[in-house]
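Next up: just one chain, as structure tokens, the form predicted alone.
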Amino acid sequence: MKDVLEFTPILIDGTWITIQLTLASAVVALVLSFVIGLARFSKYRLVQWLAIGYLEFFRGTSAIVQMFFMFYVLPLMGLTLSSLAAGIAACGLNLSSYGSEVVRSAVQSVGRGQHEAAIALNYSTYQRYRYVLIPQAIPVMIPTFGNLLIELLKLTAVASLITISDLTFMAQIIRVQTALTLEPLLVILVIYFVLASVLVGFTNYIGKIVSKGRNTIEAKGA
């Protein structure tokens, strides 16, 4: 273990890259989850079909292959991405396909009476979703989004296959240079567990804030 601890600086660098990759991919996934999820409710069939096509493609193909495609194939088509950008794009696009279903199902879970009340108030489609449906759907989304965030953290480990210097990549370097296998992998297992625990705590905290706000509004309404 002492030999592994000598590589602490590169483990710290790898942890920081993993955090960057996770957070950036989470932002991409979150934005696209709402865009694709809400597009499923569009009154235009073409928009619905495009959203379904996006969902089925990224959910039905391997995230690793998607990552390889973006890093190795896109340059052949004239679009070159850095390894980090390709990793963020692949992880974000892949997770957003699952996240979009979370958004869709959460919005559908809002009572029909809420839809009818918004229409009775002559709200536009934007106002209906912005002020009535999405605020009530968000508390339903948060627990599942938290699980997807953990999955995203674990998915970033495959980014080492396109030369991103994340935790897994650094562990491989240590393994090669020290001829140790158990120790470096054990260390990164612990680091991944700590990162996942932080994400769980953050998600639970956000969930409590949202639920508290919702309960306060409902109490005032009563």
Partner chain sequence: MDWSWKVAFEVMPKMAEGLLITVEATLVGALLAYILGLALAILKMSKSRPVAFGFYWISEFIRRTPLLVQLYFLFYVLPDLGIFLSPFVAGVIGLGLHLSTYTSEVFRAGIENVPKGQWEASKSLNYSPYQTMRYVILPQAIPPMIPPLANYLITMFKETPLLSAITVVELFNAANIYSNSNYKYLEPMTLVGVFFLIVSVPAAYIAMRLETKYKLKNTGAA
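What you see is a predicted model, and the numbers here were worked out from it, not measured in a lab. Residue numbers count along the first chain shown, from 1.
The following text describes the form predicted together with its partner chain, which does not appear among the structures shown.
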Among the candidates Ile150, Leu84, Leu93, Ile138, the residue which, in the predicted complex, approaches its partner chain to within 4.5 Å (heavy atoms): Ile150
Interface residue in the predicted complex among Ser42, Thr163, Thr181, Gln177, criterion: non-hydrogen atom within 4.5 angstroms of its partner chain: Thr181
Contact flag, Ala196 vs its partner chain in the predicted complex, heavy atom cut 4.5 Å: yes
4.5 Å heavy atom contact, Tyr131 and its partner chain in the predicted complex: no
Touches its partner chain in the predicted complex: Gln172 (any heavy atom, 4.5 Å): yes
Close approach of Thr61 to its partner chain in the predicted complex, 4.5 Å, heavy atom: yes
Non-hydrogen atom within 4.5 Å of its partner chain in the predicted complex for each of Val65, Leu186 and Val200: yes
Sequence-ordered residues of 87 to 103 touching its partner chain in the predicted complex, heavy atom within 4.5 Å: Tyr98
